[in-house]
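One chain follows as structure tokens, the form predicted on its own.
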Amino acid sequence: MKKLIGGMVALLALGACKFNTGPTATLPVYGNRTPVTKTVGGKTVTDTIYQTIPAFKTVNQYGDSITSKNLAGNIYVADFFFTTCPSICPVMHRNMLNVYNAFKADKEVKIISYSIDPKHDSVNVLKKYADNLGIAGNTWWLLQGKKEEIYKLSESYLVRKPEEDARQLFIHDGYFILVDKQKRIRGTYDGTLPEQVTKLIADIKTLKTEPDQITGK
């Protein structure tokens, strides 16, 4: 499996907006941003509209319908995988268990894993995969949706769009993407590297302290 190409890393670096470095740490916001000028109280001000994750419709390992509305008020971590992946996916999800165990009692943090092979990864297959991982409850959802929609959605997360090679093996990135309550991307982490996952856990804790994450606005 191929990892994130250097050009995408550069894009993320250029797209990140750094905030204050004072006593209260703040994570950057990744992706495109659009300046919007408006009049407030007779004065012209410029606001910024940040790239966000669009609406989606899926089904989880329990057969429940899951849409973007189910993540309202949540910070979450997303990744893309398929259950028959022979290489990076098992490593990624062993590492993701550390995130799951750190936040499974926190109702404001979720994990969502989109299958890129929905033809094979039925609800029953996803449930068996979840059972083998040892996960239960609603902290970590394994999601099945329409293939073309999931592939399109991946681009919004700033990861490589999945594809199939000549042997019909799926190629995708092994990145975990941190998304805030406003659906903005706040970090990307190589899910195959334990030290990156440790950083992800620390960044989630940092993100939870930001004022707009506490209020959810």
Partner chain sequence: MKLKIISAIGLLIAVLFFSCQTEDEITFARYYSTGSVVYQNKCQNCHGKDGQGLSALMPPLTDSVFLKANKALLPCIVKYGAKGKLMIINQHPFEGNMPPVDLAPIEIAEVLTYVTNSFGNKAGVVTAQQVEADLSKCN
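Positions refer to the first chain, counted from 1. Just so it is clear, the structure is predicted and the values come from calculations on it, not from any experiment.
Omitted from view is the form predicted in complex with its partner chain, to which the following refers.
By the 4.5 Å heavy atom rule, the three marked residues 87, 91 and 133 all count as contacting its partner chain in the predicted complex. This chain lacks the partner; the member of 103, 129, 76, 141 within 4.5 angstroms of its partner chain in the predicted complex by a non-hydrogen atom is 129. Stretch-level contact check against its partner chain in the predicted complex with heavy atoms at 4.5 Å: of 91-99, 143-151, 105-113, 67-75, the positive one is 91-99.
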